[in-house]
Ligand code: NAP
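Quick setup: one chain, the form predicted alone, written in C-alpha cells, and binding and motion questions come after.
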Amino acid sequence: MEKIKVSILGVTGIVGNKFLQILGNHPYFEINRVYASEHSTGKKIRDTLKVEDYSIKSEILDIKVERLDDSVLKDDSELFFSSLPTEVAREFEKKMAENGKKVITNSSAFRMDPNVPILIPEVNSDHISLVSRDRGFIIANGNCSTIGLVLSMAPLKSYVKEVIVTTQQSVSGAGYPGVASWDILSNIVPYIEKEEDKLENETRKILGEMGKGGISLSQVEVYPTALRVPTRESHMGSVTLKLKEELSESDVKELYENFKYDGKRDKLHLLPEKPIIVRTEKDRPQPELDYLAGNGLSRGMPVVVGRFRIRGDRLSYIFLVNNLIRGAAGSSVLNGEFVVQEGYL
C-alpha cells in the first residue's frame, strides 16, 4: 500500500522522540512534518534530542522542526500523532478536529470528553464508533498507568467488582527533565498530581459499555495510590481485585492463557501476539528485565504480569507497563493502525 503521511505534534519531548523511533520503522506510516514550540523551530531533529538515540534513522534526524501554530491546519498529512502538553493540546487538538483533522493524542485534555474514546483495541475496540469516518476527530490514549492496569485485568473484566491499585511510576513518566535528582534519588515521592483521578476515571470509561447514548461508565470501584520511584522507564502496579465470585488458580490461568485480541489484525503491526505476558517466577516482573517484552515492532507493547495470589474473592498480582511505548507512543501508533484498518482514514 502507498505510505500514509503522518505528522507529529510535540516532537521534542520524550514521547515525541519515541514516535520518531517507532514511525521511522513503520511499514506504512511515513513521517511528513513535525512540530514543536518556537524554541525548537527551524532546528533539525538531531539538534533537539535530549538523549542521543541511535535507533532513529539518520534521514529522520535531518527533518526540520516547524513551529506549532495555525499553519498546522494546512498540513496535508492524513493523521496526526500528538504528545502536546495538556493546555496546548486543549487549544490545538480541538481546533484541528473542528477543521477536519484526525488526531491520535497522548494528552489528557479530552480523555473524559463524552465524544472522545480512550482506545485500547484489545479491550474496547467498539468505542471507536464514537467518532465519524467523515469528519475530524480526536482519539485518546489513556494515562500510561491506566493502560497497564486495564490491560492487565482485561481477562477478568467481567468478574471485577473493585480495584485497589498502587502504582510505582518511573521518573520518565514526568517527562524531561522530570523529577529533580535531589528529590528522587534514594527516595519515593508518595504523590503525583492528578494521577489518581486519572487512574480512577479513565479506567471506568475504558471499561464502560458502548450504547446509543455513548459510553456508560463502568460501575467498577477503583481505589488508586500513585507513587514516583527512582527507576528510569516503565511503571509497576500492585493490584488487588475484589471479584464478583471466587475463581480458582486454574480458572485464572485459563483466562489469561486464552486472552487475545479477537478482531482482524492484518494492519496491526504493533499489536503483540500476546498482549499480556504472564511470568511465573516469584520475583517478576521487574523494570530492568521486562520493559522491552515482546518481539519485533511490538517490543515494549505487552503488559507483563506475575505474582498472582488468591484469597477467597480477592485476587492480587503485579503488572509492569512500558510507560513510553505501551503507555504512550506505541499505543498511539497502534490506535492509528486500528483507525486505518477499520476504515476511519
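Just count from 1 along the sequence shown to find any residue number. Everything quoted here is computed from the prediction, not taken from an experiment.
The next section is about a form of this same protein that is not shown, the form predicted together with the named molecule.
Enquirer: Does the named molecule come within 4.5 Å of a heavy atom in each of G10, V15 and R111 in the predicted complex?
Expert: Judged in the predicted complex, G10, V15 and R111 all sit within 4.5 Å of the named molecule.
Enquirer: May I ask you to choose, among Q286, N32, S316, S37, the residue with a heavy atom within 4.5 Å of the named molecule in the predicted complex?
Expert: The residue from Q286, N32, S316, S37 that makes the contact is S37.
Enquirer: So which of I277, L68, I56, I45 reaches within 4.5 angstroms of the named molecule in the predicted complex, heavy atom to heavy atom?
Expert: So the residue touching the named molecule in the predicted complex, by this definition, is L68.
Enquirer: Is there a heavy atom of Y261 no more than 4.5 Å from a heavy atom of the named molecule in the predicted complex?
Expert: Flag for Y261 set to no.
Enquirer: Residue-level question: is R299 within 4.5 Å of the named molecule in the predicted complex, judged on heavy atoms?
Expert: Close contact is absent here: in the predicted complex, R299 is far from the named molecule, nothing within 4.5 Å, heavy atoms only.
Enquirer: Mark N106 yes when one of its heavy atoms lies within 4.5 Å of a heavy atom of the named molecule in the predicted complex, and no otherwise.
Expert: Contact with the named molecule, yes.
Enquirer: Taking the shortest heavy atom distance, is G175 within 4.5 Å of the named molecule in the predicted complex?
Expert: Answer yes; at least one heavy atom of G175 falls within 4.5 Å of the named molecule in the predicted complex.
Enquirer: Residues in which of 208-216, 167-175, 73-81, 113-121 have heavy atoms within 4.5 Å of the named molecule in the predicted complex?
Expert: Flagged stretch: 167-175.
Enquirer: Quick one: which residues from 70-96 get a non-hydrogen atom within 4.5 Å of the named molecule in the predicted complex?
Expert: Residues within 4.5 Å: S83, L84, P85, T86, V88.
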